[in-house]
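Just the one chain here, laid out as structure tokens, in the form predicted on its own.
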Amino acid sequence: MQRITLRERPGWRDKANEVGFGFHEMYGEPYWLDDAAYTFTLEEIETSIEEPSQELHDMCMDLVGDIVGNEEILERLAIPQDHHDLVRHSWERGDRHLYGRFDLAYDGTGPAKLLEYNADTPTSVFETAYFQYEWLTDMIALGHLPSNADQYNLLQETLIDAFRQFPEEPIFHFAAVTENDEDRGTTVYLMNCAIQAGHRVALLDMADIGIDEGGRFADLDGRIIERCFKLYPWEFLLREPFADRLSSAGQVFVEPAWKSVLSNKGLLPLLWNRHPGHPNLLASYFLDDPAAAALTDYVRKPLLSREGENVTIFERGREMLAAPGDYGAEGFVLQAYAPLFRSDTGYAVLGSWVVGDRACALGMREDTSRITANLSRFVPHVILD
């Protein structure tokens, strides 16, 4: 694993804008880097990233039944008590899920370590599946990369195949906070994948989901929402004013309600308890677990948090770095610290994608901070042997 610099593609910003990637800059800072790449060997990809990601996903899926069937654990994960049955029944029905992203620490010298599982509303899917692949083909055509350069990137075709597994409803709705450019761009890309899978689609804002006279979810045109991808986290949805209607929603929402237990940082100590010493896991504990006292270098994470908010790094028990935010009221977990790949430009986190139940792709983000946050940059990767 290395970070290399290259000449950027002429006119790449125009290309980005043409395909709806207007958020290649965010908050006045570059988000996409066209003149850099992370390189891997094929063996690294297969044995250190793809295989462990598949195993981690299988381990997570093996846990879900035990979590949703245990009231104490659901309370530990801050799932509102009124919605325990919603989550449980979603799993028992076998509600179909779509995708997720593991965030991994890996520097090329040892096993990849799970930092967290973004199992509900992961973004950077368009950048991974489409734009970094276009970058690869352009770089080969320009002679900046050898003709045999490759990527670990089956994300788009795997997404299309996954959408084919969903029944063809009259309309497959897609909902997001559409004023957010990144969320809208991610959702529109997933809509395109659904279209390629044969679905009729419609985009709506989360605020425009209504309830009809029969108590069913409906859009602004009065059409019943039979199936809806929502780029909106379950921890928010379960606390919305209409949350009491969710129990009658059946299989409407993608991701399904049971995904709320995998996108929760409380998953980390549950995995560690089930698989202590696993090479791809970091020792993790709930805050009140006496075993946590053995940790010296560790990270404190809120059960529910996004973009690194309210994450704190401790070294030898002393606070060294803390990110601000509005999370933490529901509780925290402690996780052993794992160093990230470091270069002159910052720290890198690997985003390993799982679609359905298949590990299938890699996206790289880097940040000047050890806590990856909303100003992190997306950097393409390439396999060079």
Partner chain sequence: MRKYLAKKHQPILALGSIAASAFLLSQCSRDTTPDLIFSTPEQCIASGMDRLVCQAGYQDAVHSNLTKAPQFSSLAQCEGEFGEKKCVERPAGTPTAFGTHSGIFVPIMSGYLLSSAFTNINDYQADRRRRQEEEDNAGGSAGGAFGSSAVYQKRNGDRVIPSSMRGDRQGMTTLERGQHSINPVKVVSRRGFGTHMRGGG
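Positions refer to the first chain, counted from 1. None of these values were measured; they are calculated from a predicted model.
Omitted here: the form predicted in complex with its partner chain. The next part is about that form.
Considering its partner chain in the model of the complex, the lone stretch of 71-79, 273-281, 88-96, 191-199 in range is 191-199 [heavy atom distance within 4.5 Å].
Using a 4.5 Å cutoff between non-hydrogen atoms, D297 does not count as a contact of its partner chain in the model of the complex. Among residues of the shown chain, D221 is one whose heavy atoms approach its partner chain to within 4.5 Å in the model of the complex. The closest non-hydrogen atom of D107 lies beyond 4.5 Å of its partner chain in the model of the complex.
Among residues of the shown chain, Q165 is not one whose heavy atoms approach its partner chain to within 4.5 Å in the model of the complex. Among L6, V379, M1, I383, the residue placing a heavy atom within 4.5 Å of its partner chain in the model of the complex is I383. This chain is displayed alone, yet in the model of the complex one of L203, L142, A291, L287 has a heavy atom within 4.5 Å of its partner chain; that residue is L203. Relative to its partner chain in the model of the complex, residues E255, L268 and E366 are all farther than 4.5 Å at every heavy atom. In the model of the complex, L231, Y232, P233, F236, L237, E240, P241, F242, A243, L246 are the residues of 231-246 with at least one heavy atom within 4.5 Å of its partner chain, listed from first to last.
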